[in-house]
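Read the single chain below, which is given as structure tokens and is the form predicted on its own.
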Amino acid sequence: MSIKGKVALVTGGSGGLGRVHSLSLAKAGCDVAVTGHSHLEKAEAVVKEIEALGRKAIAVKVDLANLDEVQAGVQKVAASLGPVDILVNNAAFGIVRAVTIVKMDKADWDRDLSVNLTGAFNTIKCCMPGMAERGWGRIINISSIAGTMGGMGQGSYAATKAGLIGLTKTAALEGARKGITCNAIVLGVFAGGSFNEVAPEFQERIIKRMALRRAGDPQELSNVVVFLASEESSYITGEAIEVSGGASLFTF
């Protein structure tokens, strides 16, 4: 599944799962732009790891909720690495917040929607025209089982991840005759990143909910990202592909 010579943009690529996606795409032959919102130290560290693999990389500071900043960021990537061929919308807020809808602050709701969903809209809006012009593109939106199953205390996160699936299907339709595919990965629980912030007793309860009785390895998720970014996935579009260790199966 070599995608050598392509340029990938990974939002939230500076840590956790995003770092693994960025490195996996680089190992497959991509040059990679890694976004960060405030401090770029982590993003720059990932850039160094990518460069050690022999690929080009750049850290890009951008507020995904701000369309003008996203447009400027995409232009910066094009000037440094080349136009974006592969877009991975990975950035997300609200995953570890445990608060009911009634008690949730409206400001937290607004922030989560502005990054998780509006941010994906903004990046697609800015990257898709160039993909269409060149006749090739891959858009991969990272959704969640919280979006398909709901999540206690995760109202904003679940709503945005459900919204991403609708956005995915619409982008797939709009890009289908222009050489662009768009798919969502519906992820379950993966070791590392935000899952480490969950209290140990709840980690155990969550893992028991999985048919495979374990958290996923981040690389198992990134393998699917690389596949969907490759030419081998060219007949797959508009899909919500669950990678969850059987979280949606009836388990006892």
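In this text the structure is predicted, and so the values were computed from the model without any measurement. Residue indices: 1-based, along the sequence shown.
The same protein has a further form, the form predicted in complex with a small molecule, not shown here; the description that follows concerns it.
- Between 168-176, 109-117, 80-88, 124-132, the stretch whose residues reach within 4.5 angstroms of the small molecule in the predicted bound form through a non-hydrogen atom is 109-117.
- Among residues of the shown chain, residue 37 is one whose heavy atoms approach the small molecule to within 4.5 Å in the predicted bound form.
- The closest heavy atom approach of residue 31 to the small molecule in the predicted bound form falls outside 4.5 Å.
- Although the partner is absent here, residue 92 is a contact residue: one of its heavy atoms lies within 4.5 angstroms of the small molecule in the predicted bound form.
- Contact between residue 17 and the small molecule in the predicted bound form is found at the 4.5 Å heavy atom cutoff.
- Among 225, 64, 47, 26, the residue placing a heavy atom within 4.5 Å of the small molecule in the predicted bound form is 64.
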